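Consider the single chain below, provided in structure tokens and representing the form predicted on its own.
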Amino acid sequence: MALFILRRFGVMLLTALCLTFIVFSLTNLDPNLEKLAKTQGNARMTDTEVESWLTRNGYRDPLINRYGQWLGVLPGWTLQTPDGETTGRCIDSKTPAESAPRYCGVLQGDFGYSTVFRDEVSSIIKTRLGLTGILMFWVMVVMVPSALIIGVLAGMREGSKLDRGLSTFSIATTATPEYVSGVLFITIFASSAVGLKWFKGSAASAMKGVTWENFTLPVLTMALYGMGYIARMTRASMAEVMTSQYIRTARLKGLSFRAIVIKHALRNALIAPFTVIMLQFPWLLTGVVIVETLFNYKGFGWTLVQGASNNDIELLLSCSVVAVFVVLITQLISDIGYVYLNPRIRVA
């Protein structure tokens, strides 16, 4: 197992490097850099002035060098201005050239400076990720138990009216995108047009304090979309287990149907859904983009939209690092958990 985890960490590191380099290359294309120069300088800058601004700020170094500087494995660039002042990646108003570190990248905890929020990216990501973590927690609390109950009930009575009804509900929730269900929820339960003002159509106040009124609709919007997929996987797994030979043997021994389901079928039926549940975390982290924008909840997804729409390169790169890290870690946990849940699997 230790060798397996070590190998997986090696693959994760290589995958992370490849993905972050792709994102870095795309965000540092010439049109994006030109837009950044005009945003930070003057919208009416000439091509010569844009080129001069990019050179002064280190954007004309080779791409691989800038990627290494961003990671923190290469020394940050420095430039001597005509008036004798030294500027560079690791040099700012708080850190003069004499005391500036040579390396200032992701590995050193320096994620750069946001041109939109005018603040350190690490501080922004920490705050916004915490808000999204609260949303994700409540979504998982609602989504996972509900989906498992629906899937188990449907799989226990395969082909029955209960199975068909629950399966139809699962398919309907999966087929309805968040932006559709979210708008419907706001129209029905928060809009004065219908009259049911049970909840707030905005979750902005939830950033200061989560209440039933301001947090129910965004949680339900996300939970319903992911619930159907988990329920369908649980139903298929449960239906397969209920036809297994050891279940027939338990019935022949005279065990009650409830005992058969709880003591014998349930654990084996939950092996496949466990992987699906773990894969919901990366989806939640990226799926919150729509929900947080729709309900004006300023978490990680909302921040990602702001960074993309305003060409905030450093913020976009940091968001990509977080997303890649979450995906790889959840996949590793999923693989390890799968081995422990299913004793028949052995790591070679």
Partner chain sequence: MEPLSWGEIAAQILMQFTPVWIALAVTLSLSAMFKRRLGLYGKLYDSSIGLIGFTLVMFWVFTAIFAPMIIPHDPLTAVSGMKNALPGSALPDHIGGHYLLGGDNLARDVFSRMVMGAREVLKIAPAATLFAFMVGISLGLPAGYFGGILDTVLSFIANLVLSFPVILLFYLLVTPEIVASGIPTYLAAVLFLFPILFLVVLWNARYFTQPMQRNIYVGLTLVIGLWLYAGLAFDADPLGLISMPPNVLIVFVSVVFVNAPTVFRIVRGIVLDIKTRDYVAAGQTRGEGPWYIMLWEILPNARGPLIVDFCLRIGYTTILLGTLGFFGLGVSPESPDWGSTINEGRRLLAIYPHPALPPAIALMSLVLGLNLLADGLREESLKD
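Numbering follows the first chain given and starts at 1. Everything numeric in this text was worked out from a predicted model, so none of it was measured.
In what follows, reference is made to the form predicted together with the partner chain, a form of this protein that is not presented.
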Just to be sure I understand the contacts: of 206, 156, 90, 186, which is the one whose heavy atoms reach within 4.5 angstroms of the partner chain in the predicted complex? 186
Which residue, 65, 293, 39, 57, has a heavy atom that falls within 4.5 Å of the partner chain in the predicted complex? 293
Counting heavy atoms only and using a 4.5 Å cut-off, do 27, 35 and 164 all touch the partner chain in the predicted complex? yes
Can you tell me if residue 200 lies within 4.5 angstroms of the partner chain in the predicted complex, counting non-hydrogen atoms only? no
Is residue 336 part of the interface with the partner chain in the predicted complex - any heavy atom within 4.5 Å? no
Contact flag, residue 264 vs the partner chain in the predicted complex, heavy atom cut 4.5 Å: no
With heavy atoms only and a cut-off of 4.5 Å, decide whether residue 320 touches the partner chain in the predicted complex. yes
Can you tell me which of 173-181, 245-253, 135-143, 110-118 lies within 4.5 Å of the partner chain in the predicted complex, counting heavy atoms only? 173-181
Those residues of 196-232 which, in the predicted complex, come within 4.5 Å of the partner chain by heavy atom: 225, 232
